[in-house]
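Two forms, one chain: they're shown below as structure tokens, one block per form, named structure 1 and structure 2.
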Structure 1
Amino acid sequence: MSEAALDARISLTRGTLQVDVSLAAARGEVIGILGPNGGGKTSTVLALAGVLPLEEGHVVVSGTTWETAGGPRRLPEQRSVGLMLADALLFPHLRAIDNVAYGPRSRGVPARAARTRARQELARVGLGDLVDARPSELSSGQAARVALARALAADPDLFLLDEPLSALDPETRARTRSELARRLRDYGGVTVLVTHDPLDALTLADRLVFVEAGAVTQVGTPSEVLREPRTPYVATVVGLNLYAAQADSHEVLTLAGGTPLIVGESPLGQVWAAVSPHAVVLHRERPEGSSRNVWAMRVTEVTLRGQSARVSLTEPLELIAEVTLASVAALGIQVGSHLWASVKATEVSTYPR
């Protein structure tokens, strides 16, 4: 990575949660922060923005120290930060162009120059024909794009997005995600994106940082994380079953609780074992055939996802299968159903812990 434009260590206590998160990013890079609710994601963003003071650590942006614990500290209004939230928070009495011009105007840019810049930013997010519209006349997706234009019109060194697309319906979200991706490609500062949505993270971020219980548990590019998730939460985000295991042979693993798992080949010692939900086959009766991993299981949850369903199973291990709706009907799958699940040894990938 080139010289860091963001160098931060966020260490603070919020309620019962101790947050200790380090971030580094190059200019033009998008960092995606993911994690369970209450894990420290929003606290990290609020500390970068200056809303929460640090107990330890530092925030350095583009070579300028914004904060050191116990030392000088820039207030939120003194930091070159753009912010985009789930709620667009547009001024209802101002037209789109004046909402966007508010950013540069707040930085001391003269009114005419600010409105010129606002017009340019609205055109860049595909709203050049709606410069005179008021927020009540905009769709939710259009309002989100006005908020995006407003945040970037002030040329911030750091752009913070906290669940920016979560309030949008799926179709609007997809369109707005595309607009956001295109605009971020042209933004020269550092972007920090907090999201629960794996698709947002995988399509918008250059690098992913997973924060669980206040600590960083995995950092990597989207392809690295997809290939080798390192916690059960990360595996859930990327859609895999993940198990901590002990490999005393190259073909047989022992999972927590003593359940054996047959694999094609594994390194010895402590390993992770990952299984795609698509590799799990469900049956009414015990199957005959080549699958070497077969378990009698109970259905705990069925979630529809378009033309497929994710089926959560338990006993003797926790397992998620992804099957067609036709299979749900044919097998009579519902919560409480008892089924057999099978996984071929060659469908299990393993890597060291």
Structure 2
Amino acid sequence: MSEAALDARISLTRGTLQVDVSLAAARGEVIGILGPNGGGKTSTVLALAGVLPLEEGHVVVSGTTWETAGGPRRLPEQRSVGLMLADALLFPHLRAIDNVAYGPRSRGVPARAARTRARQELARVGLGDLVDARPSELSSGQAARVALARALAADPDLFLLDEPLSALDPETRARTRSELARRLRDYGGVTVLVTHDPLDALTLADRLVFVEAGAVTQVGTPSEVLREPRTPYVATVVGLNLYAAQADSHEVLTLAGGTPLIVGESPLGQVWAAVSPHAVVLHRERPEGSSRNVWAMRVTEVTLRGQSARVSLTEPLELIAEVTLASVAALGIQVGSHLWASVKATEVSTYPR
């Protein structure tokens, strides 16, 4: 990473939640912040924007100090930020072009130049023919794109997005996501994207920061996180079964409840063990064969996802299996039914905790 364009430590209290999150990014980088609701994601964004004051920490953007706790603090309007929230929040009494020109106008750009810039920004997000539309005449996807154009029209150094696609219907969301991805590629500043949608994070972000209960629990590129999730929440997001385990030998782990888990090769000590739901095989009778891990389990939940089903199993461990709809029918899987589950030792990946 070259010179950090964003260097921040956000420490503040919101209700009963203690937030302490550090972020760093280079120019042009997109940081995805993921985490459960109420975990401090939005507070982090609002603090970066200057809406919430810091109790401790600092915000430094492109070499300029925006805030140090207890020191001078720039107001939101003195920070070079763009903000985009779940709702487009367009100014309802202004036409699309005047919404987009609002940022440049507020920062002292003459009216004519601001409108020219706004026209360009609208054209950039494919809304060149809707410059004079009123917000009430726009669809939700168009409104989101106007909000995107508006946030970037003043060339902010820091672009903050808080669940920008969550209020859109699935089809509009997919289209707006690709529009957003395209616009972010030409954007030179730092982007901080808060989301709870793994797809947004994996497709838009260069680096992921997981924030749970106010603290950063894992940082990494999408592929690093997909390979080695380090908390149960991260594992859920990337769709893996994850267990905290103790390895006293290289082949046998002991899970939290005392259940043994046989693996191909493990480092010693405290480790994580991850199992892909695709690697879990379900059987009606006790299986013969090479699988070293075999458990008699009970089905607690079955959810359908396209042509496959996710089967949640319990005892002696919590396990999610992903199987085809055909197997659901063939095995007669339903909530409460008893099945055998097997996992090959080589399908368990392990890494130090």
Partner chain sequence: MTWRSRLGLGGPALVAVLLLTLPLVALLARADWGRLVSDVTGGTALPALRLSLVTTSSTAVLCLVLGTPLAWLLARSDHAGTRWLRALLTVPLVLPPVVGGVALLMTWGRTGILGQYLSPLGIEIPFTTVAVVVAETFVAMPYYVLAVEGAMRGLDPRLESVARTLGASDLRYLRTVALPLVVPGIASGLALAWARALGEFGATITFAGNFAGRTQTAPLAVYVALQEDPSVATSISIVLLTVSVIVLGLLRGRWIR
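The term rigid core refers to the most C-alpha atoms you can superpose between the two forms while keeping them within 1.5 Å. Predicted, not measured: the structure shown is a model, and the values here were computed from it. Quick note, the numbers are simply positions in structure 1, starting from 1.
It is structure 1 that shows the chain in the form predicted on its own. Annotation: Cα of S337 displaced by at least 2 Å between the two structures, core superposition. Core-superposed comparison between the two structures: the Cα of G188 travels less than 2 Å. Superposition on the rigid core between the two structures places the CA atom of H283 2 Å or more away from its counterpart. Its Cα shifted by 2.4 Å, P92 is compared between the two structures on a rigid core fit.
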